[in-house]
Structure formats: C-alpha cells, structure tokens
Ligand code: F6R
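A single chain, nothing else alongside it, follows as structure tokens in the form predicted alone.
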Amino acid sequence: MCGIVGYLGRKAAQPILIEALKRLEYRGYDSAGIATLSDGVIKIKKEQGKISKLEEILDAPSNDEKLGIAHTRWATHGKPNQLNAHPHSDWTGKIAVVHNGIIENHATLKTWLSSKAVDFVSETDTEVIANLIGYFYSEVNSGKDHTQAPPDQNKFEWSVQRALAELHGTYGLAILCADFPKMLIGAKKGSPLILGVGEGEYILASDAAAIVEHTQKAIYLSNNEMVTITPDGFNTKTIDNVAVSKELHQIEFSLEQIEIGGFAHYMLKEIFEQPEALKTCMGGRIDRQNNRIKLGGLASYLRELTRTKHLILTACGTAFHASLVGEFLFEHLARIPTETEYASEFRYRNPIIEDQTVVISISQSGETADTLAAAEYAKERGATVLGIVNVVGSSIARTTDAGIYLHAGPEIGVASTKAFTAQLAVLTMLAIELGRRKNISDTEAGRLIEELSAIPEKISRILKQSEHIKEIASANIKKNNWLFLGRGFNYPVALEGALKLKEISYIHAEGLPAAEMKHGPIALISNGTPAVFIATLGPQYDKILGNISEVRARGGKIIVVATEGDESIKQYADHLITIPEAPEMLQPMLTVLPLQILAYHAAVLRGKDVDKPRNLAKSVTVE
C-alpha cells in the first residue's frame, strides 16, 4: 500500500526521495508528495496522480536540503486529490508527517483538537497525527504543559511519543520538525518500516526496494517501536521510551533483481523467473539421497506438526488459493485434518482453536494486515503459529513462532505470480515431509521428491507457449465474462486464474469447481462465453470431459489446459494449451502458468497497466 520514504545524509535529499518513491510505485498509489527541510522551513510539494506529475512542480534540488520525507498515497480517508495527498503538516507549519495505516480514533482526536483552536484543511486521518504532535510540541515549548520533557530527551521526540500514546489503529510514520534540521523520526505499529543504514546516510522506508540502491544493511522496526535518526547515528526505543537494541540485517536482494531488465512489464519478468525462483526456493531443502525434506526454520516444530489434530491455513487473495492446495496436500499425504480460512474473516468468527492446534499464516509480503492480525489472534488463543512468507524480516516472520521463507526473490508486479508457485512448492515440501513421518513410505516420498525436482524444467517448457497463449487471448478479449473450471487439486488453480484475469484486465471472471457449474453458474453460458477448463490427466479426467461437453452444448468457447500427448482432448477444445505430465498433486505449479500468461496478454491487449492495476495495492497493510 502507501509508500513511505525518509532521508537524512550528506547529499541533496530531493533526488534520492523521488527515486526511492519510483521504486515503490508497484505498491499502488493515487497521489505523491515530498517535504524537505532547510533553514528552519519545511517545504512541501504534492500532487494527485503519478510521480511524474509531482516532478513537474518541484523546484531544482538544493544541496542545502539534506533531510526530507516523501510518500505515495493510496486513499483511505478522504478523496484522492492534491489536498489529501501526503505529507501533511500541523497548523503551525512546524511538523510534517507521512503515514501508512489507519487511525481508528481520528474523529475523536480531531474534535478534541478543534476545541483547542487547531485548524484542519484535509479530510485525512494523517493530518490528525501531524496536528496532535504539533499540539504537544507547542504546549511543551510554551511551558503550558505540566508534564515537561525529561532532561535527556528533546522536545520533538517527546511530543511524538505523547501523540503516539493517543493513537488507536495502525501506522508507519516518518516525521520532521522545523526546529530540528538534523533529525528524522520514524515509528511503527502494524505497518512496515525499515531503516537502511548507509555510509553517512540513512533511508527510512516502508519497503526495502527503496533502500537497496544505497545500502543493503537495515534494521526492521517492530510494533510500538520508534527510531530517532541524526547525522551521528540512530537510537531505537519503544514508544514508551524504553531503549531497544536492534540487529543489523542484510537485505536479501540486490538492485539488479528489482530492475525490469529486457521485459515489457514486471509481471512478465516474474512469470518467466519462476523456474529459477523455484530452484532457489527448493535449493538445500531437498535431500534426494535420503528421500527427505529439510526445512530448517521448522526443525524444532516438525514433531508438533506431525502430532497436530487440527491444522488451519490463513491467507488472503492469491495466498488463499495456495492455501487451498495446501489443505488438499496435508490431508492427502499426511492425513492431518486441515481447513483453509480467509484471514480477513478468521478472528471475527470465534474459530475453534484447541490444544495442539497449529495455524500457518501465508503471505508474500509478510505484511498483509488481515493475515498478520489472524496470526496474532491465533497466538493469543494458544495456537502454535507458523509463517510462510517471502520477505525476510517482515512483520509476520517476526510475529510467528517459526516459519519458512520462500526465497523467491523480490516480486514487484501487483498481481502475484512467482510467489504463488513458491508457496505451492513450500507447502508441497512440508506435506511430503509430514506424510513421510506419518502416512507414506520413504519410497513414495522419494518418488514425489523426484517429481517435485523436475517442476522448474517443466515450467520452462510451458513458458515457450507464451505467443500461442497470446493468440488465444486475442481471440477472446472482447468477451467480458469468463469462467475458469477445475476439479480436485486444480480447483484452486481455477480460482487463481479467474483472480488474475480480474486483477489486471478488468474482465469479469468466476472460478469454480467444474462440477458446481451446473448448480447455477451454467446459466451464465451464452454463445461464445470463454470457459477455461483445467482438464489434465488424473482421477477426475472423465468427469471433467462431461463438464466440458455441457458447456460446449450451450455455445461456450472452450479453452483447455491439458496434458501433453493427450490426443482425445482435442475434439473438445476450441483452444488448447498443454503442460508436461506430472502427478495430480503437483500439477497446480504447472497448470497455473498458462492462466498467468493468458491474463497477462489479455490485459496488455486491452491496453491496461499490468503492473499497476487500478484500485489495487501490492501489499494490503490496512484492514
């Protein structure tokens, strides 16, 4: 969601902040702004629309401005316009703030501040933060406040802490004060915030992508923590002023990995990165000699996982679809009763969490607000909570008891692709190992491990069909309603295929178990309605052929994802895409590829911005 950047160093701040904002464009935004500080004056420029529009109104960079904050906003409170764009200042012009999150009690605070003759100009909850800090800062400077700042603490930092104590909700913040031209403050509760530590410079950001051009060393703030940065260094503490020691971490990816390279879009790049991403994901974890899976992050929890009688997977969006496949895997291979829950609903419906319940939270970013909240709720209820995330040091990674990193590399495209297949690979590896310990023989585990090891090469073969799939997209993009249908392990893939098409091409699509179609949705079929069937060889092959016939008889246009060498399927298909043969439980890592490519080409052919689809953000960090 919103991108936050702050800079303090030896260089002109403006060019660094603008470049960092561009690194965060993939998160989704509707306006952008920047504030720089020099000679005791905070200068704010902001504009609705793209960063390029903001650049048009900026003054020439000044070497005197070595401190600043910047922001890309995705509207929550208030319309997406110039007035509501960040940064926001307090009514005195002394304080400037950029904010990611939602302040739940902003209306109450605004009423109280208004009663103190504090003026507001925007509709945002963020302006409440700026004015609240400004109010306490004015009070302590005027001597009116009976509780003075401690002798060892400056008034700016103290005023920030006073304000944070009043806020209910979530925030990632970067804050300036006109009277402190060499100080930058950041604070976190529920929204990501990272401090990059360079040579004589510091970059505060909501995402490591804004940092890696300058340094690969960073600290990750935890909830209810703040950092105060000066040219002499930084110190971290809780918002209650208790010192906290933070460890420097190495950011896992390089600048080169987040560049687009020779691809037209990040999404296409990431689709084509999947063979290598899966090799990295599985690297060092597959012991083919002993037919075992080694998941170091879960080593001390595997016995507990093996004994659990109740496994819950929580996730949102694409990760939820991966979780559905995981549910089938755990029940089939390990015979563990498993349920998949939308994280956004989990904590609101009083779920049953018994003794020995294990909850696995799955998120690419590790910052998904609903999934993080579900993990915290499950921990409070006594469950063992594990995480499967891609971003090292993310909030879910630090909240859960243990977990597994995807190691899929940075994913910039809003529509998740390589993270999905990496999630499937991790869930498959875990299910094989639990199955080996509980239910299947070492021989069967070895066979599955061999098949899993072959998946990256098979994906490479599917990618060669991109131009063929583009032709299929071209023939059908004028249709505004599509169906995606699958059975068994490929039912969640049908859901994912429909989601991808909706996300980036804005074509309405519905994913269904193929057998459910005749229980109502078949009424949607009219002449030429595209129906994408995953009809690979497997236990339910004959059944899905019957489903295809039902749609075909009603005039649907049949697009089939089938197994290589299946000659009989050709008579059913108007368009055919093939995948290499694989066991049914491993097929989702293959069958999803044609659907990702189909959605990509459909969006491009319809002239849509594939990497920045409307109304969407890469990481949903507010509920």
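Residue positions are given as counts along the sequence shown, with the first one as 1. Not measured: the values here are computed from a predicted model.
Beyond what is shown, the protein has a form predicted in complex with fructose -6-phosphate; the following relates to that form.
Only one segment in the set 210-218, 123-131, 317-325, 284-292 has any non-hydrogen atom within 4.5 angstroms of fructose -6-phosphate in the predicted bound form, and it is 317-325. The contact residue chosen from Leu430, Leu499, Ile455, Ala531 relative to fructose -6-phosphate in the predicted bound form is Leu499, the criterion being a non-hydrogen atom within 4.5 angstroms. Between the options Ala178, Val414, Met183, Ile239, the residue in contact with fructose -6-phosphate in the predicted bound form by a heavy atom within 4.5 angstroms is Val414. Taking the partner from the other structure, fructose -6-phosphate in the predicted bound form has no heavy atom within 4.5 Å of any heavy atom of Asp90.
None of the heavy atoms of Ser394 is located within 4.5 Å of fructose -6-phosphate in the predicted bound form. Within this chain, Thr400 is remote from the site of fructose -6-phosphate in the predicted bound form, having no heavy atom within 4.5 Å. Using a 4.5 angstroms limit between non-hydrogen atoms, Glu270 is distant from fructose -6-phosphate in the predicted bound form.
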